[in-house]
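Before any questions on binding or motion, here is one chain by itself as structure tokens, the form predicted alone.
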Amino acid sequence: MAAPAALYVLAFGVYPLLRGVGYSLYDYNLLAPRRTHFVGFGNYADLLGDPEMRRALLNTALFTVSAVTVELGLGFLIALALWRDDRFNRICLTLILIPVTITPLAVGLIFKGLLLADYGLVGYWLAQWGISPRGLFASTATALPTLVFVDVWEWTPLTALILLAGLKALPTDLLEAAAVDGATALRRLRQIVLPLMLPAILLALTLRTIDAFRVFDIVFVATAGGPGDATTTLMLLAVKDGLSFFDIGRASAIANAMLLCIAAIAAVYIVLIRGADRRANGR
């Protein structure tokens, strides 16, 4: 009975992954397929000394840390505000989830149209007031922070939903007993809510970190990695090398390096989640 699911995973998950690992070991360019030869870990060694790769890694790390930190903080505040189960909060929760239903590609196009200095509804006035004469996406100082803002706008509601589910699962009798004993709201938050919420917090942190680390859609449509290489991320660099320069070996090496980074991040978070879950349940 599990055979169809196993075949699906093998065909669309394991096989492409193994092919990617194989390609990364070759100097393989579609423009000259006859000159393909085995280079071992040569592609990976080239990446270590490549300034473009280091810049893409730095941009990806900055984007991920900034976006996830803001999303986690805002999401927790929104979850606290919507903790009480009444009609108004349910309506608000429905409305704030609208950004999550929009595809990242469309979100990138929407914000690009809004922030263009020539005719953007927001960017035009920013240019007129001298705040951003060339547009927020056209400046090396503001392009990456603007992309972080776009990601925060879209994915903070999802983080809030996960944290709200964690809040609603808290034992109310424990919080009521603490209130009767005279514990202030801040003390209840610090000593009861946050420790019991650690599994949900780490779950939201894991999902958003993995997703933000492989960001591509909004970067591709909003800046295409520019200006210069100010917003080039690892995923965008891999796609450019593979689909623009047809260097399949190098693109596969970048993708595999990303996979290793994501696996390491996920492993750390899984260990933290298990530890937090054991402490929360007294085991």
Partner chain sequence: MRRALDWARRLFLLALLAFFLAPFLWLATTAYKPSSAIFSIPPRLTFTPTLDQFRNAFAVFDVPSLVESSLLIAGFSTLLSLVIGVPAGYALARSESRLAMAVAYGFMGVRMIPAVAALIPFYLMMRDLHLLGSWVGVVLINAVLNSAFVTWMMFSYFRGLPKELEEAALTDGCTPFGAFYKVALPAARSGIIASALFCTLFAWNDFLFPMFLTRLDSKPISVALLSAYGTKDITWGTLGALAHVSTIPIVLIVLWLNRYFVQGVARGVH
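Positions refer to the first chain, counted from 1. We call the rigid core whatever largest set of C-alpha positions still superposes within 1.5 Å between the two forms. Keep in mind it's a predicted model, so treat the numbers as computed, not measured.
The same protein also exists as the form predicted together with the partner chain; that form is not shown, yet it is the one meant from here on.
Contact check for Thr103: a non-hydrogen atom falls within 4.5 Å of the partner chain in the predicted complex. Mapping the unseen interface onto this chain, Gln191 falls outside it, with no heavy atom inside 4.5 Å of the partner chain in the predicted complex. Contact check for Thr206: a non-hydrogen atom falls within 4.5 Å of the partner chain in the predicted complex. The partner chain in the predicted complex is approached by Leu97, whose closest heavy atom lies within 4.5 angstroms of it. Among Val148, Leu72, Leu158, Ala178, the residue placing a heavy atom within 4.5 Å of the partner chain in the predicted complex is Leu158. This chain appears without its partner; in the predicted complex, the one residue of Leu114, Ile131, Leu174, Ala183 with a heavy atom within 4.5 Å of the partner chain is Leu114. Residues of 186-215 lying near the partner chain in the predicted complex, listed in sequence order, are Leu196, Pro199, Ala200, Leu203, Thr206, Leu207, Ile210, Asp211, Arg214, the criterion being any heavy atom within 4.5 Å. In this overlay on the rigid core, Leu17 has a C-alpha that sits less than 2 Å away from its partner position between this form and the one not shown. Taking the rigid core as fixed, one finds a CA shift for Phe41 smaller than 2 Å between this form and the one not shown.
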